[in-house]
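Given as structure tokens, the chain that follows is alone and in the form predicted alone.
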């Protein structure tokens, strides 16, 4: 039975991603739901917003689902849903992203998590869901569908009962592959770095130098999302806050710095 809560579903992989509709199928009987997405994939767009060109917005049907589509970024889609379509969500669900978003490094440039952060800045609790899949067709596996849907429904039912965690703006969730999942979940902090940049030097078809980004993986501490996901094969839930302000005691340290007159 549908309750009075409004849920907005969006992503950064475009309206063509089946992950978007896994979220819808998971909650359509629980809430009033609107789906909005981008026309093209916008992975790793982070905090991108469009201000130097007009945006397009249209409604279409895809795989039998009614979805609103924009040629802008995921954050554009959120603002269009609220300010143009007049849909005022009580909760945002972002995903299901193709590929996990582990570590602060990935959180900062992820379009999936960036969308959730924008919602949080607007006072909308948000959940970003990412899965360790490689392409859209991987979402057709009933095992991954059931894993995502079962976990999400249980989480949202508890959110209704207990409320969104105090002091938390976004829950970022990473789902392992169904064939390695060990039937466990852990609430954990995000690792700081996932990899360091390294470039392979190459030449293009015109023999001009070019550079391919390659990541050198870094070892992560045992109590972080990266370690738990890779070694324990659990669903990881990382609560984050969007408040980047330093603590009050740190402000006082900085005040002493700017007031320091010694040599």
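Numbering follows the first chain given and starts at 1. Just so you know, these numbers come straight off a predicted model, no measurement behind them.
The same protein has a further form, the form predicted together with another copy of the chain, not shown here; the description that follows concerns it.
When you look in the predicted bound form, the only residue of 92, 133, 148, 117 with a non-hydrogen atom within 4.5 Å of another copy of the chain is 117. In the predicted bound form, residue 39 stays away from another copy of the chain, with no heavy atom inside 4.5 Å. Among heavy atoms of residue 61, none comes within 4.5 Å of another copy of the chain in the predicted bound form. Using a 4.5 Å cutoff between non-hydrogen atoms, residue 242 counts as a contact of another copy of the chain in the predicted bound form. Contact annotation for residue 171: at least one heavy atom lies within 4.5 Å of another copy of the chain in the predicted bound form. In the predicted bound form, another copy of the chain lies within 4.5 angstroms of at least one heavy atom of each of the following residues of 209-243: 209, 210, 211, 212, 213, 237, 238, 239, 240, 241, 242, 243, in sequence order.
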